[in-house]
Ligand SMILES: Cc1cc2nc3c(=O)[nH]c(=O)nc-3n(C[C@H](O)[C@H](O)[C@H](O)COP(=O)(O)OP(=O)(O)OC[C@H]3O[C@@H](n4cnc5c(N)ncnc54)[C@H](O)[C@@H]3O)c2cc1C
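A lone chain, given as structure tokens: the form predicted alone.
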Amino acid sequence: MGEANWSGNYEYRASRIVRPGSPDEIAELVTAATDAAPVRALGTRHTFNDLADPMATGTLISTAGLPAKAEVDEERRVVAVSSGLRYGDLALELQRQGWALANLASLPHISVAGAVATATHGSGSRNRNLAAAVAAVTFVSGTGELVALRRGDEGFDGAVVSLGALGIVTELELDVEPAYEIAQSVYLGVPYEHIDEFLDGAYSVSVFTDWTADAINHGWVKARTDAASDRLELFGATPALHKMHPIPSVDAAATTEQFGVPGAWHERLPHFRLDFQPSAGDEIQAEFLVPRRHAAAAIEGVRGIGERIAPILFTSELRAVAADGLWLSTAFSAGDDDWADGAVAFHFTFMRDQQAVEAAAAALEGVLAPFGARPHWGKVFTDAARVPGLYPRFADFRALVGRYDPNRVFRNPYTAALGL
């Protein structure tokens, strides 16, 4: 087919891509599918593996053709969103109406449904996964039925982060709040031994490192101007004197405003501006989340192989994420386990060398496995057989797949490797 993902490291093998304009058209495509000729949803192509690919006999269903929708219900404080809408476009409309989301990912270019389905997150030790904002989800199931589940319904907590295994999502409702402002500042030289306290210092905090220096290269601090609880301590870090990019060798023009200048939430929470190409472009990403209580030991473990991964590393980002109860969220906690204090995400932006990145990912998995590290669903990881055991509700999710996709028309090699 010749179609590739955003970074160009994965070429889809599907026989065709279709762009239906309504849920009814999606239902027709799904009803015609079989386990031998499956279908999968395609968003903004910000995955780095075969998660979305139905392979040579299948069809990719792009959600970009659904009518754009962003309708706020002020009484319920939710916004109804078409699944293919990008977070950046949704944010512009919410801001126009005086509303906001609690958090955003570092890239505003990703689709809402794609981010939710893969448990993509933003930053902030008190901020949960982006999927935790979902109040309702509507999808076309494997039998062509349009299913709507709301928070509190049976199976809802399993249907939000779904890996596309339950159906083609057509619409979601997300929690909203009144619009607010963020001031973003960047600091250099954050000591490794104080990362934990630094991550708690403001509404949203990220730190970037190459794993070879004696200290973190730089920390990005995003403080709400209406929050009195931010208590940033610098521990000797110094303010950056020029605008920074997460990757030191890349022009910072693509990044959002810094130097503590207040601005609208959607113009500061992402690292990158919507009208620019984010990050490095030609890259491959991997990410692993570990329980917050094991973060210090995990950091030391990764530092131990820093020299090994540094030659192919653009940059690495660490972020704190609060726990939630969504079954396949990478920050899922049952409430009395290692994950109750939330997670720290170890993100790696590698150069586009697939073989070298897979070797690096395997090395990272080996270092982080003792801490129960969960890989990001949409990024590179190598040990799929281990993953179901990392989720206490995985068997329940498998049963949910059986309920909504009895004929396995959404199954592909990725889900098969997970035993779905």
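None of these values were measured; they are calculated from a predicted model. We number the residues from 1 along the sequence you see.
Below, we refer to the form predicted in complex with the ligand, which is not included among the displayed structures.
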Q | Which of 356-364, 378-386, 391-399, 29-37 sits within 4.5 Å of the ligand in the model of the complex, heavy atom basis | A | 378-386
Q: Report yes if any heavy atom of G58 sits within 4.5 Å of a heavy atom of the ligand in the model of the complex; otherwise report no.
A: no
Q) Would A52 count as a contact of the ligand in the model of the complex, using a 4.5 angstroms cut-off between non-hydrogen atoms? A) yes
Q.
I'd like to know whether A105 contacts the ligand in the model of the complex, with contact meaning heavy atoms within 4.5 angstroms.
A. yes
Q: Consider A41 of the chain shown here, and say whether it contacts the ligand in the model of the complex, taking contact as heavy atoms within 4.5 Å.
A: yes
Q.
Quick check on this chain: which one of G142, G114, G158, G124 has a heavy atom within 4.5 Å of the ligand in the model of the complex?
A. G114
Q | Heavy atom within 4.5 Å of the ligand in the model of the complex - the one residue of P291, G164, P246, G219 that qualifies | A | G164
Q) Is any part of 47-75 within 4.5 angstroms of the ligand in the model of the complex by a non-hydrogen atom, and which residues would that be? A) T47, F48, L51, A52, T63
